[in-house]
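Below you will find one chain, with nothing else, as C-alpha cells; this is the form predicted alone, and questions on how it binds or moves follow later.
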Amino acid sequence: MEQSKTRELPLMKEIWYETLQWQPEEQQQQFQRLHTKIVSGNRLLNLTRITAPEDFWEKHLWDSLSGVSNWLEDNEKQKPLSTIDIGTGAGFPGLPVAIAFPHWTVTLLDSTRKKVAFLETLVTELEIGNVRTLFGRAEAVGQQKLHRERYDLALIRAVGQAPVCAEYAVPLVKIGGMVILYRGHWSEADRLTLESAAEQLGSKIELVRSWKTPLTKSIRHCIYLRKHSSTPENFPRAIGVPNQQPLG
C-alpha cells in the first residue's frame, strides 16, 4: 500500500491553472498510468532518471506542456496539428502532448530501437490512439519523402546544441509550420548562432519564451522557429555531420 502511495502523481490543479491556464481532467488518469509504466519500464531500460512523482510531474509533464501552452486553451476547437517529437527517448515531450491534445497526431521519433519498442507497447497499453512511433535518425528521416516537410509542428528537447536541433527539425515541418526547441539557459550569443542556422534552413526565430519551473524554480526557455521557405535539399546533412559541424 505504501509503495502505491509513493507512485501517486500530485494533482497540482492550482499550479496547472496558475502557470498554464489549463487543468487536466480525464488526462489525469492517463498521466498516472504513464508514470506507472515509465517507472516499471525503467527497471529494464535506462529511460529516465526522473521517476519520483513530483519530479516527474514538473520535469516531464509540466515541462512538456509548457512549450505548447499557447494551444492549450480551447484546444479541441483549434485545428488539429500533425506533430513530431524528435529524439523522444522515454516519450517526452510527445506523450504528454498527445494526451493533452487527443485530436492531434503525434509521431515519436528515436534512434534507439529498444526505446521505440518500449513506446510501441506503452501507447498500446495506455490506448493512446493518436500516437505512432518511428525508429531512425533525424538526418535520414528528414530526407525521406514520407516525412520531409510533412508536419505542422516539431518538438525537440535535450538533444543537442540549438543549431543541431534546428537542422534535425526544420526539414520535417511544412512551410508555415513551427519548430519548438526546449532549452535550459539561453543567451544572446545562443540567439545569434541560432538565427544564422535557422535562416540557412528556411526559418527564423519568431519568439523566445522564458520562465521558471513551478516547484524547483529552474530556468527554462522555449525557442519558436517559424518556417518561411522550403529547406534546401542538402539539409539535413549526412548522419553525424550536424552534430560534428553545427551550422552557425
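Don't overthink the numbering: it's just position in the shown sequence, from 1. Every value quoted in this text rests on a predicted model; they were computed, and no experiment measured them.
The form predicted together with ligand SAH is left out here; the points below concern that form.
**Study point:** Region of this chain that lies against ligand SAH in the predicted bound form, out of 95-103, 171-179, 143-151, 112-120 [heavy atom, 4.5 Å]
**Key:** Only one stretch passes the 4.5 Å heavy-atom test: 112-120.
Check your understanding: Does Gly87 reach ligand SAH in the predicted bound form if we count a contact as any heavy atom within 4.5 Å?
Key -> Output for Gly87 is yes: heavy atoms within 4.5 Å of ligand SAH.
Exercise for review: State yes or no: in the predicted bound form, is some non-hydrogen atom of Cys165 no more than 4.5 angstroms from a non-hydrogen atom of ligand SAH?
Suggested key: No, Cys165 stays farther than 4.5 Å from ligand SAH in the predicted bound form.
**Study point:** 4.5 Å heavy atom contact, His60 and ligand SAH in the predicted bound form
**Key:** His60: yes, in contact with ligand SAH in the predicted bound form.
Check your understanding: Any of the heavy atoms of Leu108 lying within 4.5 Å of ligand SAH in the predicted bound form?
Key -> Taking the distances in the predicted bound form, the answer for Leu108 is no, it never comes within 4.5 Å of ligand SAH.
Review point. If you check Val159, Leu81, Leu72, Leu126 against ligand SAH in the predicted bound form, which one has a heavy atom within 4.5 Å?
Key: Checked against the cut-off, the match is Val159.
Review point. Which residues in 117-139 have a heavy atom within 4.5 Å of ligand SAH in the predicted bound form?
Key: Residues within 4.5 Å: Gly136, Arg137, Ala138, Glu139.
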